[in-house]
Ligand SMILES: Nc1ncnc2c1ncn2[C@@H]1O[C@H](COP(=O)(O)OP(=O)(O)O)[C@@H](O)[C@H]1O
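In structure tokens, the next block holds one chain alone, the form predicted alone.
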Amino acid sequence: MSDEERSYTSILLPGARVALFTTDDETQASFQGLESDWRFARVKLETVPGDVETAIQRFSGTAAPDLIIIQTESIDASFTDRLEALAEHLTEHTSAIIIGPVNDVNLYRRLVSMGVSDYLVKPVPAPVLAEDIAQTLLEQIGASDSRLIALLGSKGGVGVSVLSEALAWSISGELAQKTFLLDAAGGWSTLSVGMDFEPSTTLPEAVRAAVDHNEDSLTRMIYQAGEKLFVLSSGGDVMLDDSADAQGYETLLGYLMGLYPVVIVDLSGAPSALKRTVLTRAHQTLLVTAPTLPSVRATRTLLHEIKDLRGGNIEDVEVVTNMVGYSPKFEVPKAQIGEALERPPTVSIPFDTSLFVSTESEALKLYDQKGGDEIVKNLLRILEKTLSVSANDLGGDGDKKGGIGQLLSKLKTKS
């Protein structure tokens, strides 16, 4: 994993507006270079020639952006006085970064106490500026654009794991979205076979590292399966031991969603507590079933339970019928499945023993196999809205803090 991939700020940043006020050509060039940084695809960058006085004039009648960056050649009391004047025109959610001429610890402390996110000394290298802006936006706005996708089976053996892996490969590969795949089955996980790696950790160990904020340990537990696909290298758990607790698992999810824009969780072998945790939080759930009476009945029960779990809302839960045609004599017709579930299956996948067994056993990509490409494309269509991408558009790239505006309330409190 590269240094960029290790950084928790290395995610597709949420939509935001950032304005830079400077007269320095070097700083301006570093800032404008961010337009080619994939993380900033949703960030609107604006360069304004000027200083703090220019910013005061600009925002006296215009809504301030999420982050303002002001470069100054003066760091005396007159500058901080003007910064206080600027704060009167900002909301409490506007963050600020100041770029100054010298390293001054006392000034840094005063600026931070005023609500400034950071003070940088010029010249500011482009990578440093990028990381500082990314960290500030994530602290201010949060990784609100990260998406959690859950896959759950109505019963064992309906193909949840192979479909989870297929989606992870296609979202990271063909849609070029940085993706994390997590198997919640602990020692029962088969992810190491499907992704061709040797398990080097356990699910409880990963949870403990997340709870302890041990980023170095978590980094060592992550296996990079593809250019933009990462998985937790778990599966070394004792199969008959208890898995991770739900509260700790949610902490792990929070960490991963701060780092990866798309997190996919295979719930096929997870304990009930972990299933509830993920299903409650998921932006999209694919409930995988088979066209047999036991599977359909279990699916109907699960839909009702997920509805109760999510406060009556199951708009983001889709039913996928897998293994259609493997035993026609005993299968429930599609129309009757829709009637029993009070909704038709969103996708029906034909049974193909050779395709699915070879894909899972030989660590192949489903969308690279004959017949598998259409299956994956149909699954991606379910996720178009959640991922804000089109399944047909293949090959494209994929706790809040108060800002300086809080200074105004601080000043009023002091007066």
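Just so it is clear, the structure is predicted and the values come from calculations on it, not from any experiment. Numbers follow the displayed sequence, beginning with 1.
Keep in mind that the form predicted in complex with this ligand is not shown, yet the notes after this line are about it.
Listed residues 63, 357, 29, 41 were compared with this ligand in the model of the complex; 357 is the one with a heavy atom within 4.5 Å. A heavy atom within 4.5 Å of this ligand in the model of the complex is found for exactly one of 127, 157, 258, 101: 157. Although this ligand is omitted here, in the model of the complex none of 170, 227 and 387 has a heavy atom within 4.5 Å of it. For residue 353, a non-hydrogen atom is located within 4.5 Å of this ligand in the model of the complex, even though that partner is not displayed. In the model of the complex, this ligand lies within 4.5 Å of some heavy atom of residue 349.
Taking the partner from the other structure, this ligand in the model of the complex has no heavy atom within 4.5 Å of any heavy atom of residue 94. Put simply, residue 253 is far from this ligand in the model of the complex: not one heavy atom of it is within 4.5 Å. Stretch 321-329 is the contacting one of 321-329, 339-347, 211-219, 298-306, since its residues have non-hydrogen atoms within 4.5 Å of this ligand in the model of the complex. Along 267-287, a single residue, 268, places a heavy atom within 4.5 Å of this ligand in the model of the complex.
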